[in-house]
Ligand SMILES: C[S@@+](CC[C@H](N)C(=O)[O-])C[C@H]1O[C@@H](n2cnc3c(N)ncnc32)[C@H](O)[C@@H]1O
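Take a look at this single chain, the form predicted on its own, given in structure tokens.
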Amino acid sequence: MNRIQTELASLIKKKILSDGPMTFRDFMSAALFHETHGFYTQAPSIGSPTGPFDTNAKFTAFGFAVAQAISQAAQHISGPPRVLELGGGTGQLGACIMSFLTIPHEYMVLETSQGLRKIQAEQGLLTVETLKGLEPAASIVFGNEVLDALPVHRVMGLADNEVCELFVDVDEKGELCEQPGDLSTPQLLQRLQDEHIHLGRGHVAELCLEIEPFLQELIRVVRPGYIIFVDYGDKASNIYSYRHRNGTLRCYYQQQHIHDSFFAIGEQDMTADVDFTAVVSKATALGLELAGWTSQGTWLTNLGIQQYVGTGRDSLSRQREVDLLTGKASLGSTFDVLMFKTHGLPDGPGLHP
């Protein structure tokens, strides 16, 4: 499949030819968040039937269940909570959640994309570009497939337990390619050592160093409260096992799984499995407590998603939604729910039957 020569691809090539090879982390950041040509900057139709990939946000039943989670969590914090959704896409999920919320609350979406903020505002959502200036408050933070969009470095095992980093460069034909080089930061090797990960020769892995600063900013504004992530990933020993010797990076273009990171830069989504071991380690080191970790199917079932089905004329289609979101052979096992809380709060909603 021939690559699509996008404007962003040309800009990245010019930068590399001028400044030298860039880390994959910087390439991925540009591909997703470039101020003009990034994938998310261009306001993709995330959550719509024609969007770039399937997501929980497409289903009304999911919004119903999240609203139950928020209502249950609010019982444990005083006063109307601030609900902070991370990365609101088209605003479809946020609007859906608010339609089911019956408790007093303030709903806010953290969104870096100007285009998506405009679309979210049309859905009646209050949006902010950054958390800077936001005062600490009783909050319930919810992120659906947010951690997997954080930019990652790519590293590869060498002989004698050595590790190199894969950089993005321009080859002799003028095409983007990956080239090995020395690690850009000692944090990469430290992460592997902290998690007791050994990469054999030729074994490629993605490492996200954005987790800690991302959580730091969240923790600053959540006092007290819960932070709930729904995402796909695993513990480090599984993600970095030899079963994933080519890493977990993947791209999506018009609902197709693309294996070339350089296929349609700025027009395709790019994601990697979340290292939940690193997320838990960083969050607890920053003072949060792990409230629980379970599968999406179990979480939604415990929240009472079955109540969404009802007995109306559309109950069969509603049941299909619930089955897709909770089934072990579908999204119910594809995604995990990782929940954190501030000190003194009980375990979060949906973690127990």
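Predicted model, so just to flag it, every value in this text is computed and none were measured. Sequential numbering from 1, following the sequence displayed.
From this point on, the text means the form predicted in complex with this ligand, which you will not see here.
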query: So in the predicted bound form, does any heavy atom of Asp273 sit within 4.5 Å of this ligand?
result: no
task: Check whether Ala138 has any heavy atom within 4.5 Å of a heavy atom of this ligand in the predicted bound form, and answer yes or no.
output: no
query: Looking at the partner-bound form in the predicted bound form, is Gln268 within 4.5 Å of this ligand by any heavy atom?
result: no
- prompt: According to a 4.5 angstroms non-hydrogen atom cut-off, is Ala57 in contact with this ligand in the predicted bound form?
  reply: yes
- request: Please name which of the stretches 250 to 258, 95 to 103, 144 to 152, 186 to 194 has residues with heavy atoms lying within 4.5 Å of this ligand in the predicted bound form.
  value: 144 to 152
field: Complete contact of Phe33, Gly88 and Ser113 with this ligand in the predicted bound form (any heavy atom, 4.5 Å)
entry: yes
Sequence-ordered list of residues in 201 to 230 near this ligand in the predicted bound form, where near means a heavy atom within 4.5 Å: Phe214
